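As a starting point, one isolated chain is supplied in structure tokens, in the form predicted on its own.
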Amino acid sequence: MVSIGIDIGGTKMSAGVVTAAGEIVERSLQPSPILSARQAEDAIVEVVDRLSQRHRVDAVGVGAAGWVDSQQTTIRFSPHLAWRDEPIAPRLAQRVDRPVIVDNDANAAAWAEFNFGAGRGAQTMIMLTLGTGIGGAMVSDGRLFRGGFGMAGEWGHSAIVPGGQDCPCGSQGCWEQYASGHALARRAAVLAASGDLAAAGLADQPQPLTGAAVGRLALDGDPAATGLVAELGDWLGLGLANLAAGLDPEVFIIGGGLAQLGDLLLEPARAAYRRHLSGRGHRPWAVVRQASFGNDAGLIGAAALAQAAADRRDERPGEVTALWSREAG
């Protein structure tokens, strides 16, 4: 029994054939189809058709960076992709001839880590995915918390600096403008252009700088890049403290591309979290842990969510909703 999981972020689209145990048996990677909703749909259909030639696929799950409705059918808005009120799941189901669900990419990643990875055994777990932006999700008592309209977890778009940096979501001062790959690249570009001799390593990189390039320099020991990563960790820890004040999780799981920086990022984040946590000294600390699956978490979780929905459909064949019907839409 296998499903296909697809994770579409701001810069890349990764897909994989995933077993019921969360094992990837085949994968695909390509740039994100960001120009139009139709282009994204065509790219998904192409990769599903290609992977299905070698595997008997039961269902397809799509994890997308954006606001997804509670029925797992429609992407309402994506700050980094060309989706606005797109009922993508029923359209894809018609084209790939299989059940399809769509969910927020952080929800998908959290589901993978909760079931198979670093969050196993937790009662309340918050997952943050640090890439181009910040994705967020929470699992409590074995269930993804979706909120009233299916769009919970968008903590990256909470205002952490009133009147601060403009954000693609339309607001200012959002957390992801200070604790994401985009934020790391922006700060590095300013430092590289300053003429500071300490930033020579940044200035020598191909321009424009990316968060990934800055991260590689930090892992190689470049002092300016290491300092920028630590600064980003401070912002991350501040946001974790804010989340803990309201949601009180046992564990924070940090995933996405920036999580590959490991303790260069997580140690400053842990320290800042403890400095800023309300009631510190009188309450337990949540564990801040690196994700197990790295950039694979989104596709593993999307496949697992799709398979779970397919299983529920098989258990209640008389209750097939528009979400699962190829004839819907």
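One rule holds for the numbers: they count along the sequence shown, beginning at 1. In this text the structure is predicted, and so the values were computed from the model without any measurement.
What comes next is about the form predicted in complex with a further copy of the same chain, which is not displayed.
Open item on the list: Does any part of Q39 reach within 4.5 Å of a further copy of the same chain in the model of the complex? Heavy atoms only, please.
Closed with: Q39 lies outside the contact set for a further copy of the same chain.
Task: in the model of the complex, W67 touching a further copy of the same chain (heavy atom, 4.5 Å) - done: Yes - in the model of the complex, heavy atoms of W67 and a further copy of the same chain come within 4.5 Å of each other.
Open item on the list: in the model of the complex, does G170 come within 4.5 Å of a further copy of the same chain, counting heavy atoms only?
Closed with: Yes, G170 is a contact residue.
TODO: Evaluate G147 for contact with a further copy of the same chain in the model of the complex, applying a 4.5 angstroms cut-off between non-hydrogen atoms, and reply yes or no.
DONE: Contact with a further copy of the same chain, yes.
Open item on the list: Since the partner isn't included here, can you check whether a further copy of the same chain sits close to all of G153, P249 and P284 in the model of the complex (heavy atom within 4.5 Å for each)?
Closed with: Spot residues vs a further copy of the same chain: full contact, yes.
TODO: Spot the stretch among 162-170, 254-262, 91-99, 226-234 with residues whose non-hydrogen atoms come within 4.5 Å of a further copy of the same chain in the model of the complex.
DONE: Result for this chain: 162-170.
Task: Sole residue of M138, A183, L209, A218 within 4.5 Å of a further copy of the same chain in the model of the complex, by heavy atom - done: That would be M138.
Task: Interface residue in the model of the complex among Q205, Q71, N115, N242, criterion: non-hydrogen atom within 4.5 angstroms of a further copy of the same chain - done: Here the answer is residue option N242.
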